[in-house]
Structures are given as structure tokens and as C-alpha cells.
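Have a look below at one chain only, the form predicted on its own, in C-alpha cells format.
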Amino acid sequence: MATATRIPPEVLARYEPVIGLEVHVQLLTASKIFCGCSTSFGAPPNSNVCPVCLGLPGALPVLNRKAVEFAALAALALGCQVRETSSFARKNYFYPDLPKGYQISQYDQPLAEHGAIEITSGEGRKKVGITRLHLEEDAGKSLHDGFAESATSTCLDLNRAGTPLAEIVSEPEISSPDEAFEYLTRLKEIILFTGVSDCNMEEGSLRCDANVSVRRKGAKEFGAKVEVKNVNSFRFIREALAYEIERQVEALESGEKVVQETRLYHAAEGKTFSMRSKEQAHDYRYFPDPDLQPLVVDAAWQAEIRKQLPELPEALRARLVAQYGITEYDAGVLSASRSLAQQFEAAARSAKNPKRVANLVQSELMGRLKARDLSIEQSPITMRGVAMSADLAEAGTISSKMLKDLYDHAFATGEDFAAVYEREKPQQLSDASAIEKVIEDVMAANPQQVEQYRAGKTTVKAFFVGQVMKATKGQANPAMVNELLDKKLAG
């Protein structure tokens, strides 16, 4: 991580960071929050627009019910209390990609409040409070490069204008860049499990602004807050916060004041740079939107939404450990996504040994998928295929080498495990007399190694195992090979 300052650890230790995060999550609706325009990514510039999202005179917004349901579902998953009545306000500011000259958002009456995310910090488990979750519309996008007129003009693409967002604001209870990284990881995981967003940072479906200040340890008053924007990965957020904490400490140690402002992070340089002075809430001149009625999510509607809540990651991991006897680490890997967890469970329920299924998913399947940049949904080997391979290995029908070869064949041909196995039909050699004959031939061909073993160099046994497996093309039963070798080598 590149940093411009080198603050001695004992100086940094005199200060404590105070961090709060504002996360914008694009809701996975087919249409925008106040009109019927498509939210699809990658459409030609300014093709998904209409009088409503362009802010043309006389156009009136109509709230998207699905956006409300998705936001409320996310709020419930984060432990928030959904308000029965919330309201929309106009947040007034000028920016070229904001066609109306204001953004429809929620201000003093947000959709939901008072949630929390539990994270692992340096001091153990810790809860970070969520102040609020509210609905708002996105702005458009300013394009500065890639056009013939880029040297003199900024181009605007308003396809994103009006895209539904849930803004999730944490309490200022995050105490380090590592905690911020952990909070964002847990938040993204929960949102993905609900299915309300794809959280694709490359496409702008999840964006984060970080507010950070430092103060002397033990002080009650907050320091001057700096907002860091334009950070497009969790790793860069961690790096930006680390740099900004050092920058502020260095300023205070030099007798300077930290200015409340908005700064941008440049990953290539590992630094933050001043963008503008930080606005206060009153600068936006919030007032209730006269075109939108108060939003009422009554108890009956909330109950309907709550029925859609999936089993959340923490509870799922605990159950996987208890139900299938796998380790906490395995459960963490296998619950990386809701889809992966569901597929693993389907395989584990049908297999003779769920632990072996868990091991094969991680050791054989995930590595091959990662090497080819494929998702679990794109895997040629289904979880049914993994379960079948686990049962064959458990029964001793195929060896681990056979299994690896069959997995390689499946990925090469794009076929599932069952199809490859039926065609190849490899059988593990478990005939004791046949294996004994191979062992005798190997020993006869390697008398020097036999003498070394009998002289006490027992590590030579691995050489013999390898030679026997090579001679049988990997088909000999490994347990039987080891057992018979012990007898033969003992003389």
C-alpha cells in the first residue's frame, strides 16, 4: 500500500480513528424508481430515458413498489426497524448529470433505522450500528474521456438517472481500515443473500463513501470529518482510509487544522486529494417532495416482505457446521454465496459422506473454476456430479488420481461428471494378488531402495508407492498398496 507519510507507530497510537460508511446499493428492479425506464446496464447512452427521469416540465414521478419491497427486505436483513410511514424530499444541488437540479431522496423520515452488522475486529466480535437505510434515485454519469470532443466538453449519459438506490449509513463506530473492510464484506454478503442487488462494483451497483476523522485517545469530541469518495473496491477503501488517517494525524501533530472537506482517492498514487469543501445538510435545502405522497409500509405489508427473508449467512454457517459435521472454515467457503450453499446442501444430503463433498468442492471444483474465471453456475460439474464422485471415492471404486483425471476430462469437454465417468469407466484395482505381483516386480527392479528401507530409511516407502501407482496407471487401491508394501518390504 502506497502512503506519502511515515508516522511513527507511537505517534499514531496516541490517536484513534472514527469512521462511518455510506453505502449506495442499486436495487435489482427492472425499471427505475419513479418511471418505467429500463435499468439494464450497458445500453447506448441516453437510450433508457423519459420525461420523468429527464426532469421535463409537467412530468410526475410514480413510486416503484418493487423498489420499496427490495429496500425493506434489505433493511430487515440488516436488523433495521422499518418505519410504517416515511417520506420523500428534494435534495437540491447543481451538477451537470442531475437533470432536475435536485435528487429525490429521504431525509428526516427514512424508510428504516437502527440496524447493526456484527463483524470480527482485532478485539473479537463487535457490532457496528446502522443509523438508517433510505431510498433515493441515482444521478446520471459524466463522461470525460473517449470522445472526439473530450478535450473541450464533458458528455452526459443519463441512463442511470432515476435508478433506485438504497443508501445504508453506518454509525461512526468503525475504528480501523480493517474493520471498515470487514463491515463492507459482511454487508455485501447479506445484501447478496437477499437477492435485492447484484452488488457489482464494476457496474456501479455498489458504491461507498467513507467519512473519517481522528481524535486523541480518550477524547469525547469528534475531529473534523473528511469524506473520501470515488473509491471502487473494498481494498482501495481500506488503503484510502489508512492514508487519510496518517494524513490527518500528521496535520494535527504539525499544529495544523484538519479541514472538513470531500477528497478523492487515487489508487495509482495511494493518496487522497482535495475535491471540494464538505456541504452541510442545510446546504441542500431539503423540503418535502410535493409530487409524492408519504410512503406507508404497514404491518401487513412488512409481514409479507419478512416472509421473503432467506436464512442469513451467520445462521447458515452455524447450521452447516452442526448438520454436516464440517469445519467453520469449510462452512465459510461453502456459504460464500447463497447459490453455492444451496447447491452444496443438495449434494451433501444425497452423498454418503458430506465432509468428503465439502472437501471436493474446495480442493477439486473451486480451484478449477477460479483458474478458468468461471462461477459456480458455469461449472460443467454440477453438485450432483460432485456427490457422485464423492460416493465413488468413498466406496473405493476410484482413487484420488482417477477422480482428478475425471474432473480434468469434465472441464476439458464441458460434460458433467456422470457422463465422463460412464464413458471412461475407470475401475480401481483392488485385487490383492495382482497388486502383490506389481509390488514384487517393482522391488525386483529396485534392489538398492529395498536395502535402504530395510536398513532403516523408511521414507523410501514413498518411492515404492509412487512406482506401484505408476505401474498400475493410478488404478491400484492406495490403502491396499500401503498395507501390502509394509508386509513385502518387511521381508
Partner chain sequence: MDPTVLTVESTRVAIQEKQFSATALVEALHARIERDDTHAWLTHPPERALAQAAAIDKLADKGGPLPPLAGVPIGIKDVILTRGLRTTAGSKVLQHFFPPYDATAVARLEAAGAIVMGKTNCDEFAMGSSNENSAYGVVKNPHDKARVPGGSSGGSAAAVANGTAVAALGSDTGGSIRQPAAFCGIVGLMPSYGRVSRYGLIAFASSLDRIGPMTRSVKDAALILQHIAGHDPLDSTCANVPVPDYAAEIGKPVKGLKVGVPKEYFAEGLDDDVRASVEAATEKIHQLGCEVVPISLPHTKYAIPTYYVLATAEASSNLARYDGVRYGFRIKDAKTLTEMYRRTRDEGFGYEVKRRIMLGTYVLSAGYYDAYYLKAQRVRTLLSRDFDAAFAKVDAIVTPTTPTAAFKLGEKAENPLAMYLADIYTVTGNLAGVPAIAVPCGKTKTGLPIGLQIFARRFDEPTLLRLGHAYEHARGAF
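Numbering follows the first chain given and starts at 1. Just so we're clear, the structure is a prediction, and the values are computed from it rather than from any experiment.
In what follows, reference is made to the form predicted together with its partner chain, a form of this protein that is not presented.
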Problem - Three-residue site P57, K100 and D283 fully in contact with its partner chain in the predicted bound form at 4.5 Å by heavy atom - result: yes
Handout entry: Proximity of Q293 to its partner chain in the predicted bound form, heavy atoms at 4.5 Å
Key = yes
Practice task
State yes or no: in the predicted bound form, is some non-hydrogen atom of Y95 no more than 4.5 angstroms from a non-hydrogen atom of its partner chain?
Solution key: yes
Problem - Contact label in the predicted bound form: V52 to its partner chain, heavy atom within 4.5 Å - result: yes
Exercise for the section: Would you please decide whether V62 lies within 4.5 angstroms of its partner chain in the predicted bound form, comparing each non-hydrogen atom pair? Expected result: yes
Exercise for the section: Work out which of C80, L158, V228, V249 lies within 4.5 Å of its partner chain in the predicted bound form, going by heavy atoms. Expected result: L158
Exercise for the section: Identify, from the list G195, G204, P288, G129, the residue with a heavy atom within 4.5 Å of its partner chain in the predicted bound form. Expected result: P288
Problem - Among 196-204, 356-364, 150-158, 306-314, the region lying within 4.5 Å of its partner chain in the predicted bound form by heavy atom distance - result: 150-158
